[in-house]
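Single chain ahead, written as structure tokens, the form predicted on its own.
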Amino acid sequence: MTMIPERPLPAPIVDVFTAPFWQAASEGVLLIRRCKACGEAHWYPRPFCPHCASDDTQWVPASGRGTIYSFTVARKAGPVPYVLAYVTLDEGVTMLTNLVDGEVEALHIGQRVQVTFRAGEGGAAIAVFTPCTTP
């Protein structure tokens, strides 16, 4: 059994567009962008909709729950191994993120995960995911 170790997370780049995302993260809320014209959610955040090109988009809270689409264990990228994953949120968007708090050998594609937040360098809250204890 190998537990996923903690590792330092780099400070995010915060600008006028992403400030609401980082403020919500500091309050334990994961935000995504949703288009007000077509209703589709999207990730990564951008000021226009990748589905219909509308610029009428807004930040909305996400459930913070999803499933592992794919993952890899990076053992030689630095002094501390870590798990990078694509997680598909229940809202349908897929995020590149880190997995924490689980056993490496128990991780599998399709596994349910939920968001949690870790302090990055500089103190910003960084969204990461942990295996769900309930379905």
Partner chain sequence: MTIKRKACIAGAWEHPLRKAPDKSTAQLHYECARGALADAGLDFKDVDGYFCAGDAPGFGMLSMVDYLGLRVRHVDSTETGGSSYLSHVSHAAHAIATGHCDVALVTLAGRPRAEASSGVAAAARPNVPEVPFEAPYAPVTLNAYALAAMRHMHEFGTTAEQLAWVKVAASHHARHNPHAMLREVVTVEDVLASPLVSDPLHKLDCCVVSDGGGALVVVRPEIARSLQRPLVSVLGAGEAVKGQAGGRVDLTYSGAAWSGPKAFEEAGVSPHDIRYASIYDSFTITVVMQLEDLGFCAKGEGGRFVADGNLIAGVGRLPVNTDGGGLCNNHPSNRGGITKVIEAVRQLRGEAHPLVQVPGCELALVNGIGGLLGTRHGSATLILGRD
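Residue numbers count along the first chain shown, from 1. From a predicted model like this one, the values you see are computed outputs, not experimental measurements.
Only in words, not in the display: the form predicted in complex with its partner chain, which the text now covers.
inquiry  = With the partner left out here, check for me: in the predicted bound form, does some heavy atom of V128 sit within 4.5 Å of its partner chain?
reply    = Yes, V128 lies within 4.5 Å of its partner chain in the predicted bound form.
ask   = Wondering, does Q114 line up within 4.5 Å of its partner chain in the predicted bound form on heavy atoms?
value = Output for Q114 is no: heavy atoms all beyond 4.5 Å of its partner chain.
query = Taking heavy atoms and a 4.5 Å cut-off, does A124 contact its partner chain in the predicted bound form?
reply = So A124 does not count as contacting its partner chain.
query = Any of the heavy atoms of T72 lying within 4.5 Å of its partner chain in the predicted bound form?
reply = Yes - in the predicted bound form, heavy atoms of T72 and its partner chain come within 4.5 Å of each other.
task = Please pick, from A37, I109, A53, A106, the one residue with any non-hydrogen atom lying within 4.5 angstroms of its partner chain in the predicted bound form.
result = Flagged contact: I109.
inquiry  = Within 4.5 Å of its partner chain in the predicted bound form, counting any non-hydrogen atom, which residues from 42 to 63 show up?
reply    = In sequence order, H42, W43, Y44, P45, R46, P50, H51 come within 4.5 Å of the partner.
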